[in-house]
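Shown below, as structure tokens, is a lone chain in the form predicted on its own; questions about how it binds or moves come after it.
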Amino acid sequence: MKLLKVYSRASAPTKIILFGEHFVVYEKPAILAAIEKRIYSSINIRNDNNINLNINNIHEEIDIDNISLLKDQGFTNLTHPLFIVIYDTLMRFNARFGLNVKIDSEVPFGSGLGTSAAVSASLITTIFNLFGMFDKEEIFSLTLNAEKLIHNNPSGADPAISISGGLIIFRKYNDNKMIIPLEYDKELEFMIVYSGEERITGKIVDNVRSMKDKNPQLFEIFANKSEEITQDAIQALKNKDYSLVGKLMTKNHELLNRLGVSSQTLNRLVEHALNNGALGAKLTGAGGGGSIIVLFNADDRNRLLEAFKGNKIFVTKISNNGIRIE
């Protein structure tokens, strides 16, 4: 296709998982929300064949002809999957030229807020925009492929919410996906508390798979319980029964803790939130670190802010904006 622009900028939202993480990989439903914190990608065309990547204060440059070798050599750097994403997206357009790529995030990487999917979605959208293209289904497919590079066996939930925005029910069936938008209260707020613990999502997902293989009966009990909690939460959200939503969030966290994906730090943060008036709290994402999400009444907002004064925190609403051209 014909190149239409020499500069492009796009963004994608990060996300929280309200219910159903981990079990969504095994065809159980999950509820996800895009949040107001975004990841921005900007690119401009170079006069050579080098791809220069600037992300999180890391600079790396690779000749485009050498990028495909990374797939065979294995990744020795966290930026290498992104070079593959850039290369594969350019090949979609039969394009071969150099790029300066800059990625900026409004949340810490590894915070459990879907940063890897948001980075890939924003980056792919930015390249599509060079050619005047904005095909959400194709961007989803390429973003899911990128997630497979990074996380081995993703459900597709994170790419779905980054691309669609809003509040959704996500469920996968074999290679198919079901995405159902949910109406939501525009004033509903969540507090995000970052634990400071970094973790590798793919490793935690592999640990869960190992647990499933070793004890399939127990895992099935956990998975069915997760589905029950998620279905109850769907109805509670529709009824705007936020007291029940909060209780179900805490129940979901307890289940994830039994699954072995929480940590002492995350458990302490959840307990601290509940002791300071939260309606509910839970880890979000893979667990093992990252962040917790806290649901609260407006009257308890300041109390919770004070309670978590020593932590990296922010309050956010659900964002209706998915991927977009900036």
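Heads up: residue numbers just count along the shown sequence, starting at 1. Just so we're clear, the structure is a prediction, and the values are computed from it rather than from any experiment.
From this point on, the text means the form predicted together with (R)-mevalonate (MEV), which you will not see here.
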property: Heavy atom of H151 within 4.5 Å of (R)-mevalonate (MEV) in the predicted bound form; result: yes
property: Interface membership of I17, (R)-mevalonate (MEV) in the predicted bound form, 4.5 Å heavy atom rule; result: yes
property: Contact of L266 with (R)-mevalonate (MEV) in the predicted bound form (heavy atom, 4.5 Å); result: no
property: Distance check, G280 to (R)-mevalonate (MEV) in the predicted bound form, heavy atom within 4.5 Å; result: no
property: Contact segment among 178 to 186, 225 to 233, 152 to 160, 81 to 89, judged by heavy atoms lying within 4.5 Å of (R)-mevalonate (MEV) in the predicted bound form; result: 152 to 160
property: The single option of V205, M211, V107, L99 touching (R)-mevalonate (MEV) in the predicted bound form, heavy atom within 4.5 Å; result: V205
property: Partner contacts in the predicted bound form for 10 to 30 (non-hydrogen atom within 4.5 angstroms of (R)-mevalonate (MEV)); result: K15, I17, E21, H22, V24, V25
